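A single chain, nothing else alongside it, follows as structure tokens in the form predicted alone.
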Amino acid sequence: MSNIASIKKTKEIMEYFNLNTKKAFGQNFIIDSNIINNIVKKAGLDKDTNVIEIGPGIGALSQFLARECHQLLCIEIDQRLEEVLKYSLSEFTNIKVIFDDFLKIDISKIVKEYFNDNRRLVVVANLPYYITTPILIKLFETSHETKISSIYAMMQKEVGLRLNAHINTKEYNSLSILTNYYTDTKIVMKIPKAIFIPQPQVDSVVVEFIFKNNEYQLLDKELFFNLIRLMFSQRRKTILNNLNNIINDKEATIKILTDLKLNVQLRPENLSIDNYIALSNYLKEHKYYD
């Protein structure tokens, strides 16, 4: 089959199957083959690479992935697309499609079932805007079990900027730190909104996530992530005020920050991931958290 990623072919498929995009699933189909080809190149795929695609839609990106990789596993929530994907991907023997909600499946179990080899495993996806963050968090938190080496994800530009944000910027938040804990991250492509049907209201970016070997000496991961979430919940306040909301003892809070050589007037976006790890470990060691 010719490339799906064109306005003519996409409309032809949608008309043939009487298909309308579902806003509830955040469906925006790509109609530019050059963009897709560039995404696949950025992912560095070869026949020794397995790929997971989340939300294949009508198969535009899937075609390019299947041509380059060893094996492709697509996970799609929209049951209406079963016949569409059978049609659009019929030429390929290295694709398996699962119709389920990615956020509900046991991704570690599925990876063990479908990829029982030692090939590099990569996620490539055009993520629905409304669930980009929970999908990424699930991939981050299961990365130890799944052994996924990297993610190449298209997403709303604003979300991409937050994920890739640096200390002392307005975009820097708890999600930036969470992402930095698990991965080395960078924006590798800017995507104009005109390459989608239907056209969204905002531009997109493709973000590269390369998983790190765990290099941080963290005593309590749950405490660490709760801490950064609470510290950024009122980002306009100082770290003294925000930490005191957790400790409920101003003198003790000042001592903690002084011991860690942190200026009490700093704000949450002024602390690096190493600062937050040191703070988290201090709270754990001194039994401020059980």
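Note that residue numbering begins at 1 and tracks the sequence as displayed. Treat the numbers as computed from the prediction; the structure is a model and nothing was measured.
Unshown form predicted in complex with S-adenosylmethionine (SAM); subsequent notes refer to it.
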{"query": "Within 4.5 Å of S-adenosylmethionine (SAM) in the predicted complex, all of 53, 127 and 131 (non-hydrogen atom)", "finding": "yes"}
{"query": "Answer range among 138-146, 185-193, 94-102, 167-175 for contact with S-adenosylmethionine (SAM), defined in the predicted complex as heavy atoms within 4.5 Å", "finding": "94-102"}
{"query": "Interface residue in the predicted complex among 227, 256, 30, 66, criterion: non-hydrogen atom within 4.5 angstroms of S-adenosylmethionine (SAM)", "finding": "30"}
{"query": "One residue of 81, 89, 159, 122 in contact with S-adenosylmethionine (SAM), assessed in the predicted complex (non-hydrogen atom, 4.5 angstroms)", "finding": "81"}
{"query": "Contact label in the predicted complex: residue 17 to S-adenosylmethionine (SAM), heavy atom within 4.5 Å", "finding": "no"}
{"query": "Contact test in the predicted complex: residue 60 vs S-adenosylmethionine (SAM), heavy atoms, 4.5 Å", "finding": "yes"}
{"query": "Proximity of residue 77 to S-adenosylmethionine (SAM) in the predicted complex, heavy atoms at 4.5 Å", "finding": "yes"}
{"query": "Contact label in the predicted complex: residue 282 to S-adenosylmethionine (SAM), heavy atom within 4.5 Å", "finding": "no"}
